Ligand code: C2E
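Shown below, as structure tokens, is a lone chain in the form predicted alone; questions about how it binds or moves come after it.
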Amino acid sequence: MEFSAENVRRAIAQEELQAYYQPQFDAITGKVKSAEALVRWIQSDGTVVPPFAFIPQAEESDLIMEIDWYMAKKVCETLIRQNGRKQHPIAVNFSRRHIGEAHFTEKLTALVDSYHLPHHLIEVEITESAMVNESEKILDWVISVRSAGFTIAIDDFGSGLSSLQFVKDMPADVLKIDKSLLSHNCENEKERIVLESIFYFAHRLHMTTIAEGVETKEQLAFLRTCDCGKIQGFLFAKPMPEADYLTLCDEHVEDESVDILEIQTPASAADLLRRVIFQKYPLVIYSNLTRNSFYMMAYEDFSSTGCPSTGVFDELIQHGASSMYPDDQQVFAQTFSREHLLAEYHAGKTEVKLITRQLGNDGCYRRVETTDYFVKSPSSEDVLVITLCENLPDEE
């Protein structure tokens, strides 16, 4: 069939375009948690027109915006049919053309409110490439949509020239990992390292993670070790008509009696452990003594907030010493100098600890315990250190 805007508009008018739903499952429990709406063109004679036959052409004009709004309406209708049952959020794809659409947020709000639906049930999904191409406008657009109570998802992360800068600056809620990053079935070491890094920074940015295109048990097993939030892919379910999706939701009612300890993965436990560490130690520093470098892993609610976030290790120690009580400055500088730490490491020590008094932003000195733990990198001979700093209670 030859594509034409007229044919697509006729299909919209005759409701030949249908919303199919690909469920998104909790990576641990296997329960349905959300879904992505995908357009399917099913003609009156039953012929299925694949999306690649008309979506790319539609994206070259404002026709794609008509399709997106039509799909948003269909999603609202699906959610309404779940009244009285568990309603899961549904992601709706919006083209980058909507970023320049006047009153987009107001229009989406009016649509969802006309169905009396909570805004959080609609997830506005936009591709990573759209964020890069529309960098000047996207931030205000995202803030506007999110302020209205809708969830923002970055789709296809890792499919192109991924920019951590945009992920860092965008107040998005969900990061969807593109299936191309699973292309080697998670058996390639570099692939695993990249995925681990992505999940780690997403968790630190408090973003929900969804892995797309999961097709094998090997992929699922590895993603669980990364503490991936949700799974989307053929291993669990293909895109399905609305009726099948609603039936699946009814079958996947969460069993509140399940003991979380029975389904907890080692990765989840590791993530919880990291959270506890960051809660107990407001200042956590990762340093490479061999390369004389460092960066802050966590820096919240510490007595002093004027510490550089990354840079030269020697300069970090000089800065730290300058913030100490005068009587503590020399001992701190000597204890944590690179020369002394390397000597302690080669002498077989596993940690170096010191209690000092540090000047806070409020002008008061407080007791701080600083502990350097030596760690070994599996991929190099560099001497690495994890520094944990804890505010201590004042002495009686």
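Note that this is a predicted model, so its numbers are computed, not measured. When you see a residue number, it is the position in the sequence shown, counting from 1.
One more form of this protein, predicted in complex with this ligand, exists but is not displayed; see below.
The contact residue chosen from G149, P241, G311, G213 relative to this ligand in the predicted bound form is G213, the criterion being a non-hydrogen atom within 4.5 angstroms. In terms of contact with this ligand in the predicted bound form, the residue from T78, T208, S323, S95 that brings a heavy atom within 4.5 Å is S95.
Contact with this ligand in the predicted bound form, defined as any heavy atom within 4.5 Å, is confined among 315-323, 242-250, 226-234, 282-290 to 226-234.
In the predicted bound form, this ligand lies within 4.5 Å of some heavy atom of V39. Among heavy atoms of L220, none comes within 4.5 Å of this ligand in the predicted bound form. Mapping the unseen interface onto this chain, Q22 counts among the residues with a heavy atom inside 4.5 Å of this ligand in the predicted bound form.
Put simply, D155 is close to this ligand in the predicted bound form: some heavy atom of it is within 4.5 Å. Within 4.5 Å of this ligand in the predicted bound form, a heavy atom is found for every one of P51, E125 and K179.
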